[in-house]
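The chain below stands alone, shown as structure tokens; this is the form predicted alone.
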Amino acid sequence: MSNLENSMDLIEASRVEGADLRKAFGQFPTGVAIVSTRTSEGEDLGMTMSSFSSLSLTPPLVLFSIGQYANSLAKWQAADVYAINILSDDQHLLSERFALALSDKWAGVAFDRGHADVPILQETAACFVCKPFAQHESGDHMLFIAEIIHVAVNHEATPLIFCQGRYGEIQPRSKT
């Protein structure tokens, strides 16, 4: 038996249950983002996600995914611009709010309008304003690849992180 087998519960890939997979994915800490857009009908959409990642520097690309079951999926697919708002460590309540299927997630939320009137949250750690680049059906999710057209960084902010089903804090290691 290898060290890997001694220290972990191994599950054959063909028998992996969704709950087991979710727990395994939960071992990977992620940042937390709220992706937002404004539809051609003037409706503001926003959704919390940790399925955000940088993809390419040239061209500047990022990706995120939305479940195929999401009621608003068709609206996201038709969007002309997205804002990917990287949350600060004190914005966990915003994360929770935008993770729910509320009728008006934006009521009382501080935001500005960016390119094409896309809602941009205030006090975030960073924000990427993007235009669609590609979309791919990928299992039970739709993968959105977006090209960055504007970026803003708050160098004073600490990003919000999520791991093992809860929010956490970044604690830098001391230099040794």
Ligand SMILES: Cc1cc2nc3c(=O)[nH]c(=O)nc-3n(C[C@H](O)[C@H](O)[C@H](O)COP(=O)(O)O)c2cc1C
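Everything numeric in this text was worked out from a predicted model, so none of it was measured. Note that residue numbering begins at 1 and tracks the sequence as displayed.
This protein has a second form, the form predicted in complex with the named molecule, left out of what is shown; the following refers to that one.
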Where, among 113-121, 145-153, 130-138, 58-66, do residues come within 4.5 Å of the named molecule in the predicted complex by heavy atom distance? 58-66
T39, A74 and Y82 all contacting the named molecule in the predicted complex, non-hydrogen atom within 4.5 Å: no
Whether S51 contacts the named molecule in the predicted complex should be assessed with a 4.5 Å heavy atom distance threshold; does it? yes
The named molecule contact in the predicted complex: A125, any heavy atom under 4.5 Å: no
L93, heavy atom within 4.5 angstroms of the named molecule in the predicted complex: no
Heavy atoms within 4.5 Å of the named molecule in the predicted complex: does V109 have any? no
Note that the named molecule is not shown here; using its position in the predicted complex, name the residues of 94-129 with a heavy atom within 4.5 Å of it, in sequence order. S95, F98, A99, L100, A101, K105
